[in-house]
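Coming up is one lone chain in structure tokens, specifically the form predicted alone.
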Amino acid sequence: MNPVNDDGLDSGASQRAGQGLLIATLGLLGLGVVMVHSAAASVAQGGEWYARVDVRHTFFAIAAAAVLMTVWRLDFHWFFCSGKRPVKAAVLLALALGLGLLVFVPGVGHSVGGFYRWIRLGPAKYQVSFQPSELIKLALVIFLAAWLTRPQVNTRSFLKTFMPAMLLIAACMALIISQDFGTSMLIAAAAGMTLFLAGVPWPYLGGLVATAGLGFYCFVFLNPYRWSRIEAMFDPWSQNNQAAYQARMSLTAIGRGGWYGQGLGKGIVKQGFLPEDTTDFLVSAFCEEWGFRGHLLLMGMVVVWTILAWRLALKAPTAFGKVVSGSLAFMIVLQMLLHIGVNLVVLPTKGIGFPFMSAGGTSLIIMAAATAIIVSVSRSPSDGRRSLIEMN
């Protein structure tokens, strides 16, 4: 007989869902390695072998798989919920925000396309880039979940709970929004879901919507560069709008794929015609080579991943487990849908990669860690797993 958790749910079913989520994530990581190699194969890359996009992505994918298969075994209930206050979660968030500030330090922060989103780590010859906003996404959700699910916290209190949470979310967004508007909106959405799942009354969340609207007005409507992307979404075939080029090439790639696709490695638009084909427009490159059938396969994997993650969130034995796993699953699935929407030109172009597949070391590691946490907290906090302090 399988043991049953406090909600009367079969822990065996939870274990199977967790195993399924790990396998689905590994499948997406493997598919991403194949597609990044294919998308990068037609573009000559100078420099040392380790500077190649496909080689670096493979290393990071292996590292992400290692994180995934190791971290899920740890007891995050102990790590984030021990003690009267969420000190460990607060330290993680403070570390993430500190790294976010380093982006603006000359000589440390690294600019690409005029935006400072990365810091460089390691010796000059072997430097790797780290994107602090990815860690902030994870750390903010964890801290909010650990704080709001404590018995002494009244989630219905506007002044004692909602306003401090809003100020914290606003501070995180303010650090990122000028350099990465898309990620800041994703952070706001994930934080809003965390508040909602923790029991904050939904009318209060109107403040987040108002904040997002103000951010859109200031950083999109009043910004000609970003507003041109909105116009490109409505008219991707415009020859007068330079921002429409990526949208137009994305639709061209998808259209060329047809039902059967051009075949793996036989895409044309990736030969310098579609910028960011290994990151922001990976799905377009995928559709050209795999066709509509491949797109259905990918969407099926997304649906399976979503169902398994949501089942784990529902089966989590603690309030913290339910809130943090549900919020992290929402964040990852939302990012998947945003990436697909951008590639289909039903959303404006923004720098959001496809989780587990797009090239980008920081994102791969953080998304793998988030998935591992979803699996970890869906299990009983007293099932005999090793705590983090025992691992050290």
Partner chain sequence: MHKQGIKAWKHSLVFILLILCIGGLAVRHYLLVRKDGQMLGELARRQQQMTIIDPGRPGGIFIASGRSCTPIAISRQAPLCFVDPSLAPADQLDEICRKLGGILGKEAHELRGAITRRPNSRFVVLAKQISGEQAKAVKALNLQCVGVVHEWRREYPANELCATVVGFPPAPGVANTGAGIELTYKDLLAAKDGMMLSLTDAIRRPVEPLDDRRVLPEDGSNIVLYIDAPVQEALEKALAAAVEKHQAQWANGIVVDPKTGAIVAMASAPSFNPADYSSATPANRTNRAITVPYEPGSVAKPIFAAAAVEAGIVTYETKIFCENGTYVMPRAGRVSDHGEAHGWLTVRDGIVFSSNICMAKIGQMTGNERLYEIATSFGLGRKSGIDLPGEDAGIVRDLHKWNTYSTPRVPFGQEVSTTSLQLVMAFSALVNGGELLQPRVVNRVLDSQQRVVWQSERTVVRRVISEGVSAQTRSVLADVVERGTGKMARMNRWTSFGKTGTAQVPGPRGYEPGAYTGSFIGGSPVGEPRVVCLISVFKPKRAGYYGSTVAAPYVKDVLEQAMVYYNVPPDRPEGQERRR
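C-alpha atoms forming the largest set that superposes within 1.5 Å between two forms make up the rigid core. Note that the structure is predicted; figures quoted are calculated from it, not measured. Residue numbers count along the first chain shown, from 1.
Only in words, not in the display: the form predicted in complex with its partner chain, which the text now covers.
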Any chance Val91 has a heavy atom within 4.5 Å of its partner chain in the predicted bound form? no
In the predicted bound form, is there a heavy atom of its partner chain that lies within 4.5 Å of any heavy atom of Val323, even though the partner is absent here? yes
Looking in the predicted bound form, any heavy atom of Trp118 within 4.5 Å of its partner chain? no
In the predicted bound form, does Ile136 come within 4.5 Å of its partner chain, counting heavy atoms only? no
Let me test this: is every residue among Val153, Met299 and Val346 within 4.5 Å of its partner chain in the predicted bound form, going by heavy atom positions? yes
Within 4.5 Å of its partner chain in the predicted bound form, counting heavy atoms only, one of 100 to 108, 208 to 216, 68 to 76, 144 to 152 shows up; tell me which. 144 to 152
Contact residue in the predicted bound form, chosen from Ala244, Met166, Leu197, Leu186 - any heavy atom within 4.5 Å of its partner chain: Leu197
Option touching its partner chain, based on a heavy atom within 4.5 Å in the predicted bound form, out of Leu337, Val55, Ile62, Val34: Leu337
Heavy atom within 4.5 Å of its partner chain in the predicted bound form: which residues of 247 to 262 meet that condition, in order? Met249, Leu251, Thr252, Ile254, Gly255, Arg256, Gly258, Trp259
Could you tell me whether the Cα atom of Asn240 shifts by at least 2 Å between this form and the one not shown after core superposition? yes
